[in-house]
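Quick setup: one chain, the form predicted alone, written in structure tokens, and binding and motion questions come after.
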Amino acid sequence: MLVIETINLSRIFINKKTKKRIEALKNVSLQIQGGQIFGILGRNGAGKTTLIRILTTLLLPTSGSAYVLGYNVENEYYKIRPYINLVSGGENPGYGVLNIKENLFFFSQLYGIPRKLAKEKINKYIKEFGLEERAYNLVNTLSTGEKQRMQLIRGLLNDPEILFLDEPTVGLDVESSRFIRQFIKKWIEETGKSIILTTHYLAEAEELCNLIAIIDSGRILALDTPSRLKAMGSKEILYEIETTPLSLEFLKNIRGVSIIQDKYLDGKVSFKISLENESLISNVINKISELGSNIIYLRKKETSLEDAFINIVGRSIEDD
């Protein structure tokens, strides 16, 4: 089932001071099937949040169309909102003078959930999210990780068909990030519903997403599975090798082999080589043996999602 469709979706902002037009989204066309985690991967400022805000009916497009569960975000937003929810990273999760339970109950009533059912859901999720001992603590006393767990509970209270997660692990410690990733995978497996995830964490996108759209400067530059995107990375054949003492001069005499880097430390030699074709690695191994050195380890460097991102976008995801 198609849960989201955008057709030439664009959004332009006007800088009030300079009057300069900022194209946050440029002719974005997507078709997203349900029952999966769909990732939108891009650098800060690439257009991820603008796209999410339009799909969650918080922002109107400048041109083009967007449909969520078959409804138009511009004039059928009231039909969309009961079936979606949005959790953003780094946001204030509620009112600091209320405790976790009070905040969650307040939001449940905004969503129109019957009081008894709301309390049952809140108790269930508080236990599942490991917040039982903190349930009566004021929100402004919680850690960042605890606040984000509460945010995620709030996003689940209305049983959304589509859960939008905008940078859900930004600024979190390793343990909290791992918990949220594990819960996301479990929720999808158990419910068969849909998650739209924006992130600039490559490892997070690769671990969680069935499909990833790479966005930069408001345009979708690539859309595929993580494994197929990685295949778009560097075409170089790279090997990392460590040996006992050895002069690397011999590599200059093997046509099609280039040294990328080398390091001599504690009687060992570590080096990385690039090959024009895979068969050349046997020549390198044989020559090392002939020279009386032993191979400590040899590893082919596989193409990463970062390699693919750089190849597609032209710069690292961390570049300013």
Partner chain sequence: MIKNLILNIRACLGRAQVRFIGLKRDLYWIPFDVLLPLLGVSTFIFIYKSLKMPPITYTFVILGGSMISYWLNILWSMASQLYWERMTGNLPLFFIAPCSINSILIGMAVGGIYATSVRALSIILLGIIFFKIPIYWQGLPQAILAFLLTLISLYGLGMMLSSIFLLSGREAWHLSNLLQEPIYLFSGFFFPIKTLGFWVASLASLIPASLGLDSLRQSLIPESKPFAFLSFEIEITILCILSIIYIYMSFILVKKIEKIARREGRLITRWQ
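Predicted model only: the values in this text are computed from it and were never measured. Numbering follows the first chain given and starts at 1.
A second form of this protein, the form predicted together with the partner chain, is not displayed here; the remarks below concern that form.
Undergrad: Does each of Q33, G35 and I126 have at least one heavy atom within 4.5 Å of the partner chain in the model of the complex?
TA: No, the candidate spot makes no contact with the partner chain.
Undergrad: Out of I254, I285, L60, I260, which one falls within 4.5 Å of the partner chain in the model of the complex, going by heavy atoms?
TA: Among I254, I285, L60, I260, a heavy atom within 4.5 Å of the partner chain in the model of the complex occurs only for L60.
Undergrad: Sort through L223, M232, L246, L86 and report the residue having a heavy atom within 4.5 Å of the partner chain in the model of the complex.
TA: The residue in contact is L86.
Undergrad: Is it the case that Q109, even though its partner is missing from this view, gets within 4.5 Å of the partner chain in the model of the complex, heavy atoms only?
TA: Yes, Q109 sits close enough to the partner chain in the model of the complex that at least one of its heavy atoms falls within 4.5 Å.
Undergrad: At 4.5 Å between heavy atoms, is E102 in contact with the partner chain in the model of the complex?
TA: Heavy-atom contact with the partner chain at 4.5 Å: present for E102.
Undergrad: Is R81 near the partner chain? Define near as a heavy atom within 4.5 Å, in the model of the complex.
TA: Yes - in the model of the complex, heavy atoms of R81 and the partner chain come within 4.5 Å of each other.
Undergrad: Is it the case that R43, even though its partner is missing from this view, gets within 4.5 Å of the partner chain in the model of the complex, heavy atoms only?
TA: R43: no contact with the partner chain in the model of the complex.
Undergrad: Heavy atoms within 4.5 Å of the partner chain in the model of the complex: which of the stretches 202 to 210, 126 to 134, 180 to 188, 73 to 81 has them?
TA: Result of the contact check: 73 to 81.
Undergrad: Taking the partner chain as it sits in the model of the complex, which residues of 149 to 184 have a non-hydrogen atom within 4.5 Å of it? Please list them.
TA: Counting only heavy atoms within 4.5 Å of the partner chain in the model of the complex, the single contacting residue of 149 to 184 is R154.
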